[in-house]
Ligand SMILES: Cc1cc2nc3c(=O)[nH]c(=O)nc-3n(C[C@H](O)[C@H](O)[C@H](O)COP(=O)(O)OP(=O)(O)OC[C@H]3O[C@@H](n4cnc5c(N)ncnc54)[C@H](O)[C@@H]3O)c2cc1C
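In structure tokens, one chain follows: the form predicted alone.
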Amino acid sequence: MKSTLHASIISNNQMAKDIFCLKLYEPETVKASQPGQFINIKCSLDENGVDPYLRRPISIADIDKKSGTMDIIYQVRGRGTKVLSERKSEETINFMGPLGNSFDTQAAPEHAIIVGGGIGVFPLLYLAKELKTKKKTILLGFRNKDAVVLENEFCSVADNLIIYTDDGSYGEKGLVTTAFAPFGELAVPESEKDGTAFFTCGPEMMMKRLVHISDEIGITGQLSIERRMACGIGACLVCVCKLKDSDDAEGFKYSHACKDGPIFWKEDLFFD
């Protein structure tokens, strides 16, 4: 079982409405972390407290190996993250990690299309920085202008950055999948399909749509799936997901998103 670790809080700043960036100092974890992994944080204000009882799994948004720090960006959505937002600099936080697998950056294509939606945008920043490709197209979707974060950070590593908002209050109006459509502005020429792949994290409906479109285009991709995770180590079975299995009568098998994922190739995932 993963042992618990302690990190010093450098800062815990609000970036937008209900969005915070927690900067932690823990050099050994930083050294071991890969894009797409997450940590399981004990959110209680009291080190020995149990309120809330369960840890909160939050993706690693970015790391700085020189300073030994990692950025954990999260949205306040309930009791645990509300308590986490109240933690102060110079306090110590209890966590487990890094957990899960990571994006396969060694299989980097010539053209990477990175697609993020909502809080799924956060773990893609570290990936965008680590991918060694000739071209990076980054598509980010948010609810509205007030929810837009990390634009400058993504812009610094993108060859082409397009931001979408649901209401059109910033960037392009509509769903982030629009530019990914086969006949949209990012149509992939036949000669480039073998050298193109997508990487995504966000709402499941968004990612299902990306898989459908990518099948039409004829490109592969990796998905970071979102599931509720209680333990983070594959013990509680809360985060089960379906993987394709040709040997099974129903065509799928169950797996753990926290232990075997959260990153999967699109060809392996079984979507209902």
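Note that residue numbering follows the sequence shown and begins at 1. Note that this is a predicted model, so its numbers are computed, not measured.
One more form of this protein, predicted together with this ligand, exists but is not displayed; see below.
Scanning Tyr164, Tyr126, Tyr74, Phe154 against this ligand in the predicted bound form with a 4.5 Å heavy atom cut-off leaves one residue, Tyr74. The contact with this ligand in the predicted bound form, taken as any heavy atom within 4.5 Å, belongs to Arg79 out of Lys145, Lys135, Lys193, Arg79. Although the partner is absent from this view, Leu150 stays clear of this ligand in the predicted bound form, with no non-hydrogen atom inside 4.5 angstroms. Contact between Met70 and this ligand in the predicted bound form is not found at the 4.5 Å heavy atom cutoff. Contact annotation for Phe122: at least one heavy atom lies within 4.5 Å of this ligand in the predicted bound form. In the predicted bound form, this ligand lies farther than 4.5 Å from every heavy atom of Met207. The putative spot formed by Phe38, Ile58 and Pro262 is fully lined by this ligand in the predicted bound form; each residue has a non-hydrogen atom within 4.5 angstroms of it. Of the stretches 24 to 32, 223 to 231, 210 to 218, 62 to 70, only 223 to 231 has residues with a heavy atom within 4.5 Å of this ligand in the predicted bound form.
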